[in-house]
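Given as structure tokens, the chain that follows is alone and in the form predicted alone.
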Amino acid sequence: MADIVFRNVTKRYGGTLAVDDASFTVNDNEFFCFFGPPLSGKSTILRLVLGLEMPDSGEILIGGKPVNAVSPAERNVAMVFQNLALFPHMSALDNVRFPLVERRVAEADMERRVADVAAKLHIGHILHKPPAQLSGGERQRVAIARALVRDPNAYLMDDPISALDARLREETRVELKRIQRELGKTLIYVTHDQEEAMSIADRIAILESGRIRQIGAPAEIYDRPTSTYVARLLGSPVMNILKSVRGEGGVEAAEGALSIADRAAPADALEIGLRPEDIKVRPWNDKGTADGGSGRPARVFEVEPLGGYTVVTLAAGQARLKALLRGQPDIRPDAMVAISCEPARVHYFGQGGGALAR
């Protein structure tokens, strides 16, 4: 078993609180992702797991055993650093072999492991080259191979593919997910890219200033964020957050320019959240919506056609809303449209930005 547990772990650097009373469990064989903005504590948590940093308080367990006093080498976890940390005087092959050489693995077993991981990451043809002769993407793969070639309790990866171009990053993250499943190992992954976090993780921990704000499956966090902070962090375009007031027939926002007919709306709701894909946009004329549907008038402020979908910025009262429409609808800036949202797709937030139940 290689579950990893934090119990009320706190880490400070001088007056900076890097990790604030963090408690969580990464399950055995789980692909677990830490996601948050820069300086939110993601890399510090990895360094605490690895043993490069000691917590000021709290307990860390790996496989059910406390490791606060255990050295990094004895913890048996493999790390892929953000800066890769390849040995420049060694070939790619020697970089990949290095952890096995240090552990005095038998030559035959070493060759088998290297060949296996090289095939998984498609780097067999570059193993003879030194890091200086490799592209950024090739160096990333060699660093990942060096971690995978071991048989550790868990793998830790600190934003390992951030330097790759978009297409290669997409291919590599798919490969990482596949490899993790094949290896059946615990993998903790740190990223600032929400698309990466959503697409590869079994569960995500959302961080803010060293504090864990929410842990859950990607779809669960996206559909049921526990705060406006989490709601804004996942989604592109981000969720629209609007101040709201309770009316007789439901909720009004954007100074009455948007009406939600939801009699079950919480009485203490101060803000509503609307995902861009949940906003319905219909044609509008002087007599109302062209198709007879419901909605309030809004003006098209900006149109961004992106191929398979279109992002439309709408001016409703003094608010600016983002709507995500499929395809490339015939919508022009300054046109009048009708906007609405199904009550079931509305998120409600109260004092302090916390989510409210219906």
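In this text, all values refer to a predicted model and were calculated from it rather than measured experimentally. Each residue number is its position in the shown sequence, starting from 1.
Separately, the form predicted together with ligand ADP exists; it is not shown, and the next lines address it.
Using a 4.5 angstroms limit between non-hydrogen atoms, residue 37 touches ligand ADP in the predicted complex.
Proximity of residue 296 to ligand ADP in the predicted complex: non-hydrogen atoms within 4.5 Å are absent; the residue sits far from the partner.
The shortest heavy atom separation between residue 29 and ligand ADP in the predicted complex exceeds 4.5 Å. In the predicted complex, at least one heavy atom of residue 42 sits within 4.5 Å of a heavy atom of ligand ADP.
Within 4.5 angstroms of ligand ADP in the predicted complex, the stretch 10-37 places a non-hydrogen atom from each of 13, 16, 18, 37, taken in sequence order.
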